[in-house]
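The chain below stands alone and is given as structure tokens, in the form predicted on its own.
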């Protein structure tokens, strides 16, 4: 169940957090995994972790905000493994700011890394999948639907990812390409380490985040990775154009 044997998967933002957890899990289930990130040491470490566990992994330095880097990533994946079956658009970043303090450069950078990368990585991968089908999974956020006062640009970018997921699911369905997204809630990942309150008091901040969920805990990266595994697998062959919420009941509690 939930096997990815002989599948070729690309995971962006694979140097840490949800990306690393997903890359490792995909490899455990038999996929050949291409790890993409701007963090070379972390990316190669993920690839080495895959290899040490008996899997097949490789790393390509990729700035997902640059179309040429994305094109290079797809080309190298095809050269290395013969094609692309699964794309997990996971790379992301955030400024913990409201709209009144977010600069034009910060807003544009957020859109480039989160939304633009998802759009163009998907189009490039879909062009390779079109003849045989495939799976595209986009990492959005509960903030796509709930918004966050201190994550306005991030919320906008994640809302765009949700919309792009639905639109591309409609466009790519005739080619046998399924497109879905995940809406993670409070997850203990490196991106949250930049929260001002996390820097001040990590324990108290995690407790506050946990209290926002029905399950009263903060999720782990592997919790989201299992959601991605399901969407990537044949068990989800009748699932497209949807958003899988992995939030411990965060949205239900609001």
Ligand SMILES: NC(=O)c1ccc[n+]([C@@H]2O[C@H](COP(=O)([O-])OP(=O)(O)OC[C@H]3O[C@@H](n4cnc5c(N)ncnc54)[C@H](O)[C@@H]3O)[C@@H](O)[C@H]2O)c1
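What you are looking at is a predicted structure, and each value in this text was computed from that prediction instead of being measured. Positions refer to the first chain, counted from 1.
One more form of this protein should be noted, the form predicted in complex with the named molecule, which is absent from this view; the next part is about it.
Peer 1: Would all three of 32, 137 and 177 be in contact with the named molecule in the model of the complex, where contact means some heavy atom lies within 4.5 Å?
Peer 2: So, no: the whole triplet misses the named molecule.
Peer 1: Taking heavy atoms and a 4.5 Å cut-off, does residue 210 contact the named molecule in the model of the complex?
Peer 2: Output for residue 210 is no: heavy atoms all beyond 4.5 Å of the named molecule.
Peer 1: Please run the contact check for residue 229 against the named molecule in the model of the complex: heavy atoms, 4.5 angstroms, yes or no?
Peer 2: Residue 229 lies outside the contact set for the named molecule.
Peer 1: With a cut-off of 4.5 Å between heavy atoms, is residue 205 one of the residues that contacts the named molecule in the model of the complex?
Peer 2: Outside the cut-off, so no.
Peer 1: Consider residue 28 of the chain shown here, and say whether it contacts the named molecule in the model of the complex, taking contact as heavy atoms within 4.5 Å.
Peer 2: Because no heavy atom of residue 28 falls inside 4.5 Å of the named molecule in the model of the complex, the answer is no.
Peer 1: So which of 123-131, 75-83, 89-97, 165-173 is the stretch with heavy atoms within 4.5 Å of the named molecule in the model of the complex?
Peer 2: Of the options, only 89-97 has residues within 4.5 Å of the partner.
Peer 1: Enumerate the residues of 168-204 that have a non-hydrogen atom within 4.5 Å of the named molecule in the model of the complex, in sequence order, or give none.
Peer 2: Heavy-atom contacts within 4.5 Å come from 184, 185, 186, 187, 189, 190, 191, 192, 194.
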